[in-house]
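Taking the form predicted alone, here's one chain by itself in structure tokens.
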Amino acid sequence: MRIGIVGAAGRMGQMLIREVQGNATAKLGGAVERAGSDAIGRDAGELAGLGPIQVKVGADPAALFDACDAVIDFTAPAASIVHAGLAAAKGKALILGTTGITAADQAKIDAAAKSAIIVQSTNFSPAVVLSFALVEEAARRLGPDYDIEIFEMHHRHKVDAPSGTALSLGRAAAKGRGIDFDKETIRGRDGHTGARPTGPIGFSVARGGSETGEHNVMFLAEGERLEIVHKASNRQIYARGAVRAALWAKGQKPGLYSMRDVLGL
């Protein structure tokens, strides 16, 4: 399967190149970077620390979609909307891991999925995706007597907060509890806040250093606490999951899918 990478010069892009090259059932069909990048024209393998693989980094996403069966995108919302449109126009698969997507952005992705196979997830780690299901079930079983607090920590360069994964965990908890996520969250606490209200899902965030990612969903009641925790020590887990999703997408019908579909959850 020919897999293309956008954002090839970034940390995630380089990991994806290495992961595709190391997979016996996949082939790197191309790689692109934004216009003006110093990476354009370089060998993608050398860029990723593999040595030359005879695939040059380009600047034309449309040409990348022409050359590949699936494209993996962990870039930025504005670019991802363009890539979703290209996937729809060319009938190709798009594996989308971009976070910070707005409701307006999502509407465009949903529209593109009518003609393209789009696997979208805020996190491509199979273990994290399983944690979504565990959180939903715990929230359903434990009920409103347990306060739900979500803590997440990432490296100092991450630009969105809470993380897309933390928000997905919150939505899973809200679904399990049967509440409206958009109306039942606490995003910040400062000063004299008063007692914690019953019901809302709380979020707290830390940023610093080179932390790969930690997510902790806590269910707290009088006398006990249940924690569902995932700690990542290497970003390669996300690249591995994204390539797994790309291989799964082959032969699927156009539509919007998630890693839950890939894992059969």
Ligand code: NAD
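Rigid core: the largest C-alpha set superposing within 1.5 Å between the two forms. So that there is no doubt, residue numbering starts at 1 and follows the sequence shown. Quick caveat, the model's predicted, so the values are computed rather than measured.
Separately, the form predicted together with nicotinamide-adenine-dinucleotide exists; it is not shown, and the next lines address it.
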{"item": "Full three-residue contact with nicotinamide-adenine-dinucleotide in the predicted bound form, heavy atom 4.5 Å, for R11, A79 and H83", "value": "yes"}
{"item": "Option from 215-223, 32-40, 48-56, 201-209 whose residues, in the predicted bound form, bring a heavy atom within 4.5 Å of nicotinamide-adenine-dinucleotide", "value": "32-40"}
{"item": "Contact label in the predicted bound form: F74 to nicotinamide-adenine-dinucleotide, heavy atom within 4.5 Å", "value": "yes"}
{"item": "Contact label in the predicted bound form: S121 to nicotinamide-adenine-dinucleotide, heavy atom within 4.5 Å", "value": "yes"}
{"item": "nicotinamide-adenine-dinucleotide contact in the predicted bound form: R235, any heavy atom under 4.5 Å", "value": "yes"}
{"item": "Contact flag, T99 vs nicotinamide-adenine-dinucleotide in the predicted bound form, heavy atom cut 4.5 Å", "value": "yes"}
{"item": "Core superposition between the shown form and the other one, C-alpha change of D160 at least 2 Å", "value": "yes"}
{"item": "Yes/no, T212 Cα shift of 2 Å or more between the shown form and the other one with rigid core fixed", "value": "yes"}
